[in-house]
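Starting off, we have a lone chain in the form predicted on its own, written out as structure tokens.
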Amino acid sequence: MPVITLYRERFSKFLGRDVTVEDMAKTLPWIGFDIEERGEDYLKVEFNPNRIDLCSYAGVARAYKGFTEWEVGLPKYEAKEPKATLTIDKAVADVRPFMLAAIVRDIRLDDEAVAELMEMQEDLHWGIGRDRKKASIGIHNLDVINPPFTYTAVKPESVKFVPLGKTEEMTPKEILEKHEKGVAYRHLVDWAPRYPLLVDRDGQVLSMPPIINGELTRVTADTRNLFLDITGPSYDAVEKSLKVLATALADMGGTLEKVIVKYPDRTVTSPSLEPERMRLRVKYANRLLGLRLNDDEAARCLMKCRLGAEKIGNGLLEASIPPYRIDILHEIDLVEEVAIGYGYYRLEPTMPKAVTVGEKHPVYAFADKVRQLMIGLGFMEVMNFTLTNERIHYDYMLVKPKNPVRIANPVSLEYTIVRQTLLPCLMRNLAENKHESYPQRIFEVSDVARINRRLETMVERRLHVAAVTCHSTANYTEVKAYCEALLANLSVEGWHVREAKHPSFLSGRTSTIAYRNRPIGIIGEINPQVLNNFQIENPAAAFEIDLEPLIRIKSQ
């Protein structure tokens, strides 16, 4: 969780009035802070990562002034018309394609403010940028560089500049190999044939995103004008980072100025500081919070959280969301703002109308019983992801795909479908643990998914158990004995096995498990070709059972 240390004297300057540490300690928890440490003249507080706008004194002061009603409603931010241009070279399209920028003029910094800027930068790197993977931030001294600027990509040894914190010029390749930041973040760019670079009109290097700024543009207490750049593979993360940073610097006394950003296929102007708008149903908020607020009272609560609020009739409010509030995504988020503005301390606890005692759902209770029995039979439980891929699930198991549940937009080739059976994942577990001693006996009780036969648009989850035994003498007789012991201890009657064929199992040593004349599972020795696909050297035998029919019978 991110943490910020608030010194009373400095915080009072942002508030425009004196507050005591006691005042801060009483008020901040109701805004969403947890007090980590308290000193004579400071508070060290923790805040939720979704409220990354609270990573600065300016951000905390905005929220504090609203909650205390010293200053309510939507803060207004304006940026002057652009004078500078940033050109995005198509060479960065395959490396780190997006960049937005802004200029901050006439800001008065001191050593404390510079340190705060650096801390804010790192908080944004983590909170929005995901450790610079999605977005990274550069803050530069504008007075030592000359627009227009160019964001391009260069060969690893074609350029030299002095990176921040060093005195000698280094190539981008040398920075990745020798500079501490280069070593830490080289994985973000070292796979590319060219590395990103931000330069000015005269070819001076501002930064090598997302690794390090140049020493040339170091920000000090004497800096009065700033150039901000945000780069990343996610345009959304880049834009949000810029909004949070720019509004904080505006509240620190700077004057914002836009920058024209020219992409190969379009031109944008950043930053965009227009508030977003979202509607709130007052009845919906009252129902969730147990309150009876009228429209005016609900609007006042939103304004205390520094949102704009206008009545539009029929119990609806239109909320205006400031650019730094990137956490408000849904109407339920506005309900939370109403609760904060109303004051959690004012909510009266009530006793439930009915006293009930909770218990496990029958499905989970049955699953726990199956787990206990399998452990008692000498098996070790494993837990795998419900997502897998066609190669493991079908190709390696010699099975033809049959109505797979595919992921619409997979982020990785390793996870493209939802598994239909548990056994492929268990085989992969064996493959990844060949270095362990044998025999190996593992099982899993978990969900699989399949397309409903009657409603082809509906995906249904089903609970399965699968187990595999692997050692030099693993065979059908052994695994059938384990299956019989499991079903006997579950008091399942009326089941039997009959010979079957299955591509994943060895012909002649495979059976279907039937319950009340319905197939519910498979049992047998694993096909040697499947073992070869997973590079497993010992024989293996396995069974898998659909537990849903057994659960229904037991619950009747």
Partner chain sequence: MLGELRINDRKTLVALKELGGRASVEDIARKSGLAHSAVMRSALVLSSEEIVMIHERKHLAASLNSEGKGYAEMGLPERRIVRCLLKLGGEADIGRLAEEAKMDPEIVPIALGWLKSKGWAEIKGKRCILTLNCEPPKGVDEELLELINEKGKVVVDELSPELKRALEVIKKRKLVEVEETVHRELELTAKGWNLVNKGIKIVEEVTQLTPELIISGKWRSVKLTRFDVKASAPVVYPGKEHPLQQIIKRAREIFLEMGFTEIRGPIVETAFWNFDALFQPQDHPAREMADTFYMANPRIGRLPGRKIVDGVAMVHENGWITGSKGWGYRWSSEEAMKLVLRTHTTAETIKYLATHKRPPIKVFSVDRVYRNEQVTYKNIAEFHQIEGIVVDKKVTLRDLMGTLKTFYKKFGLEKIEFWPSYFPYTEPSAQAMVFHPKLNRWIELCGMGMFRPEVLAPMGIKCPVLAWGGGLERLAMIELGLNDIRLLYANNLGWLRRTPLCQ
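Residue numbers count along the first chain shown, from 1. None of these values were measured; they are calculated from a predicted model.
The same protein has a further form, the form predicted together with its partner chain, not shown here; the description that follows concerns it.
- Residue-level contacts in the predicted bound form: of 356, 477, 167, 472, one residue has a heavy atom within 4.5 Å of its partner chain, and it is 356.
- Residue in contact with its partner chain in the predicted bound form (any heavy atom within 4.5 Å), chosen from 371, 283, 391, 178: 371.
- Every residue of the trio 289, 386 and 415 has some heavy atom no more than 4.5 Å from its partner chain in the predicted bound form.
- Stretch-level contact check against its partner chain in the predicted bound form with heavy atoms at 4.5 Å: of 52-60, 504-512, 33-41, 517-525, the positive one is 33-41.
- Shown alone here, residue 312 lies farther than 4.5 Å from its partner chain in the predicted bound form, counting heavy atoms only.
- For the chain shown alone, residue 379 is a contact residue for its partner chain in the predicted bound form, at least one non-hydrogen atom being within 4.5 angstroms.
- Under a 4.5 angstroms non-hydrogen atom cutoff, its partner chain in the predicted bound form has residue 436 among its neighbouring residues.
- Under a 4.5 angstroms non-hydrogen atom cutoff, its partner chain in the predicted bound form has residue 48 among its neighbouring residues.
- Residues of 505-528 that come within 4.5 Å of its partner chain in the predicted bound form, judged by any heavy atom, do not exist; none qualify.
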